[in-house]
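Just one chain is shown here, as structure tokens, and it is the form predicted alone.
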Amino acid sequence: MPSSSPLRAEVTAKNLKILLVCSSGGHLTQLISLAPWWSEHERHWVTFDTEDAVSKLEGERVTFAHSPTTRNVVNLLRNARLALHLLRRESPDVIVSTGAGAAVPFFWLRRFAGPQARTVYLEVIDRVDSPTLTGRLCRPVTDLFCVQWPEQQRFYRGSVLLGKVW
């Protein structure tokens, strides 16, 4: 993506409202590593109620999603309802995720946050030989799809290579 892209200008603008959505563990760690960017903005987190998430997000605004998400239709519907509620209440300018499953309803239902809501997805660093299920599901509704390895670009046409973020 050219540095003069309108979307790049939007995600680097000041005073953004950001919704950060990810599962706990490594996905959360990778999203936390982007703190130099998100720490300047108003934000709300969505992740799972795990010990590491609670400790790492102490002092942050957090809503816990329903887990497990992988191939669990009941929790997918519960997380979709949660996404509708949070997207309307928070009206984020940008929804950012490093995966996994909890991100899917937030990306697909983002229009309920208003027309300004953009999506940014960062593919995880540990999947080089195949695309992730969440990456494949979110890709069609992602405005800026970023990868950490050049090899990941063959799975996601038009993606932006960021390199390792942590």
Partner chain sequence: MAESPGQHAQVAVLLGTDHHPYDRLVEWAATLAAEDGQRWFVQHGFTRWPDVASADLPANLTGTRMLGVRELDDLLAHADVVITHGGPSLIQEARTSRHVPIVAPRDPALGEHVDGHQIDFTARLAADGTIRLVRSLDDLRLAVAATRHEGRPTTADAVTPDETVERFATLVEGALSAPRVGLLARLALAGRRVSPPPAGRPARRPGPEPPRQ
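If you're wondering where the values come from, they're calculated on a predicted model, not measured in any experiment. Residue numbers count along the first chain shown, from 1.
What comes next is about the form predicted together with its partner chain, which does not appear here.
For the three marked residues, Leu16, Val120 and Leu144, a heavy atom of each sits within 4.5 Å of its partner chain in the predicted complex.
With a 4.5 Å cutoff on heavy atoms, Ala83 does not count as touching its partner chain in the predicted complex; it lies far away. Mapping the unseen interface onto this chain, Ser33 counts among the residues with a heavy atom inside 4.5 Å of its partner chain in the predicted complex.
By the criterion of a heavy atom within 4.5 Å, Trp149 is counted among the residues contacting its partner chain in the predicted complex. With a 4.5 Å cutoff on heavy atoms, Val62 does not count as touching its partner chain in the predicted complex; it lies far away. Along 31 to 68, residues Ser33, Leu34, Pro36, Trp37, Glu51, Asp52, Ser55, Lys56, Glu58 each place a heavy atom within 4.5 Å of its partner chain in the predicted complex.
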